[in-house]
Structures are given as C-alpha cells and as structure tokens.
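What follows is one chain in structure tokens, specifically the form predicted on its own.
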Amino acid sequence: MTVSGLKLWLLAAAASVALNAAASAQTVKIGMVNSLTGPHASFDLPAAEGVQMAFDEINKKGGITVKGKKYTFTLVSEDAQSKPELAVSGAQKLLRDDDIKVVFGILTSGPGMPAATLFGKSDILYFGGFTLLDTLLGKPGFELAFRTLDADSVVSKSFVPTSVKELGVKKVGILLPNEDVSRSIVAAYKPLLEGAGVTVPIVEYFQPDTSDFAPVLRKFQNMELDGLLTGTNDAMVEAIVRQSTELGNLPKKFLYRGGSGAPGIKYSKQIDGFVWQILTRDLDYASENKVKEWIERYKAFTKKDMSPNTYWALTFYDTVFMMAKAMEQVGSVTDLKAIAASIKGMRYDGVRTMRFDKDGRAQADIDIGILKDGKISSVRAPFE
C-alpha cells in the first residue's frame, strides 16, 4: 500500500470508527495529529494505525461504561506532513473543536514540540511519543501530558549493557545529527558506555539533511574503533552503514538508537554486528502469545502484512486502553485531571507492560534486536 493510499485508509478508518460511535447516544471525540506523509511517516503512520485499532476494538466491545452510561469513541485525524508548521495548524484545528479534550500523536521532535506546546497551553490530555517531550513533562502547563515511549535515560540502562555484552565492543565512536535531542542522547549514553568499560574517544554531529556521510565518517577512520553508536532514521543509518563499509578502516559493529534492524540486516554480510532498540515489542520474532495475537489482529484490521516499522503501532495502543480504564475508574470522560491521575497510578499489563511516573513519563518493557554471526534475535528488557 502506498503512503497516499494508507493516508486515505486512515481517514476512511476514522470515518468508520465515527459511524460505529454514531450508533450510540454518548460519544467521546478524540483528536489525533500524526505525520501521515513526509519522511516521518515511517514512524507516525504505524502509530496512527495503533490508535485506530485500539479504539475500534473498544467500540466493537460496546465502548466503556461510565456511571452506568455507555460511551464509544470517534476520531478526528490531522496530518502534520512531517513539518512543524503543519503540526501547529493541525493542532489548532483540533483545539478549535470544543468537544476534543484528548489528543494522541507525533513521534518526532521537530513537529512534536510546537504542537505539544499548544496543547500545554490548553486544557488537553495529550499523549505523545517524541523524545523532546521529556523536557516538557513535569513543568507548569504540562500536567496533562504523557510520553508513551521510554526516555533515553530509561532505555539506555538496558540497551548499553546488552549491546556491550552482545557485540563485545571496547572502543566506540558516536555519530548523531546536529540537533538538541542528540545532546541529550550523548548525555545519557556516553557515561553508561564508559561505566561499562568502553572508551568513547570521539563524538561527531552531522547536519540533519546530510546524504553523503563520507566527510564526517573519515574523522572516525584509523582510530581503532570497534563500534559506532548512531541514530536518526532507517534511511540515514542505512547510508551510514553502507558508506562505512565502502570507506574502510571504520567500525563494523553498530549500536542503533531507535529505528529498526533493517539497515544492519541489509548489510549483514559486510558488518560484524548490529544492535537496535525496539521501543515497543519485537514483532518479527515474537515469542509471547499476547504479541502473536496482536499481530494477527493488526493484519486483520489493516489488511496489511508486517513491516520493519510496524512495531511503532504499539506506541499508543496500550495507552488508549489505560485512558479508557481511567475514565471508568474516575466516573468521568471530561475530568481530565482525575483521568490523568488515575493513569499515573495504574500499572497496565497489555501487549506492553507499562506505567507512568508522576510527571507522565512511560516506564515500559522493550525488546532489543540483535544481529550477530549472521543470526537475528531479540532480548526482553523489562523496566524493573
């Protein structure tokens, strides 16, 4: 299915959910803003599917019961097109609808920050996934905001020791885009690498629109590095891996902060190892029944097969059920402060096992993908 086709499918799915909801006298209107098109769509399209799927499942079971009344959900979706200005305009459209008090969406910081800032100025219960949302949580105005993916400070504590153990790296360079979020990544990962006995002699940044990485990669040559920590998106990391193998005298083991295993798997014969973060659950090599069952439901709902980025569909999926459960517990679909407090006091065992801290930061289990000796596997990293 093409991106444009999937966008149409999402809009049609939203209409379908709305029609289902219309059969009931009581409905809760939910907003969603995601990059359904543009370079960030590889993250946000699956995330949007997960939101659609969760509400569809709730509605098909009759919705939720709040103080004896039945409620179902209807969705209003806006496309940020991977652009900050369009994320803002999409957020403004949702804010103009007085019936929308809950919004899901956005996994990337560029469009995410300005949209979240708008929601923070309004009485909106907001669930986002982008990294820099961590810098807003806990501050005045963001008491109703949640980040549904683990912060780097949480992920790094399992990812670094697992990577060091699996790849056996001793000397690692760090290569990241020249963005604010990259500084936070270095601040989280570099001390943990060093604490694990790994030397980190070089940290370099490239411009976000870079396509030729040879100039910056040459700075890493002949340093006797055995590992490279990088992270942005699959296309860029694939280019970094490919150009590293072409230039020579560069590390052949890679630690990928985020994304999927696709860049490493494509060049598995040219590299010695590739470890990546699966910030939800491993869908390619699922072993748990609850994950396998979710995969089958996803295929049936979207009429699509799995892809390397499908795991982003779990970004908001379980959180939708947490929100619905909180509404039932507090006896209201509009008391946002009470709903937020209920979510923060909840541990939810869904496809992901997760909870939120007092500031709205997720603490959830993740999987870590491993490519080593030509074999692909994953390990579970529980949050406690």
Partner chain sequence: MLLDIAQTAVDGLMVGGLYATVAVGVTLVFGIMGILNFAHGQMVMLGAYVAFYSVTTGLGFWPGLALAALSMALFGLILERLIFRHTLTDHMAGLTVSLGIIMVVEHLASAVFTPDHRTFDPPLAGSVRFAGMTLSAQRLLVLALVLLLVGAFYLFLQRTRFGKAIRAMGQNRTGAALVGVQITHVTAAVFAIGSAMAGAAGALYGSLFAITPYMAAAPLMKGLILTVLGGLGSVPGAVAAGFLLGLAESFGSRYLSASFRDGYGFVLMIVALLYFPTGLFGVRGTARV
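Residue numbers count along the first chain shown, from 1. Everything numeric in this text was worked out from a predicted model, so none of it was measured.
Beyond the structure shown, there is the form predicted in complex with the partner chain, which is absent from this document and is the topic of what follows.
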{"query": "Whether S42, V216 and Q243 all lie within 4.5 angstroms of the partner chain in the predicted complex by heavy atom", "finding": "yes"}
{"query": "Stretch in contact, per heavy atom within 4.5 angstroms of the partner chain in the predicted complex, of 131 to 139, 246 to 254, 103 to 111, 184 to 192", "finding": "246 to 254"}
{"query": "Proximity to the partner chain in the predicted complex, single hit among N309, T302, T74, T230 (heavy atom within 4.5 Å)", "finding": "N309"}
{"query": "Answer option from A235, I265, L95, A151, heavy atom within 4.5 Å of the partner chain in the predicted complex", "finding": "A235"}
{"query": "T37: touches the partner chain in the predicted complex, heavy atom cutoff 4.5 angstroms", "finding": "yes"}
{"query": "Contact label in the predicted complex: F206 to the partner chain, heavy atom within 4.5 Å", "finding": "yes"}
{"query": "is_contact(Q81, the partner chain) in the predicted complex, heavy atom dist at most 4.5 Å", "finding": "yes"}
{"query": "Interface membership of E293, the partner chain in the predicted complex, 4.5 Å heavy atom rule", "finding": "no"}
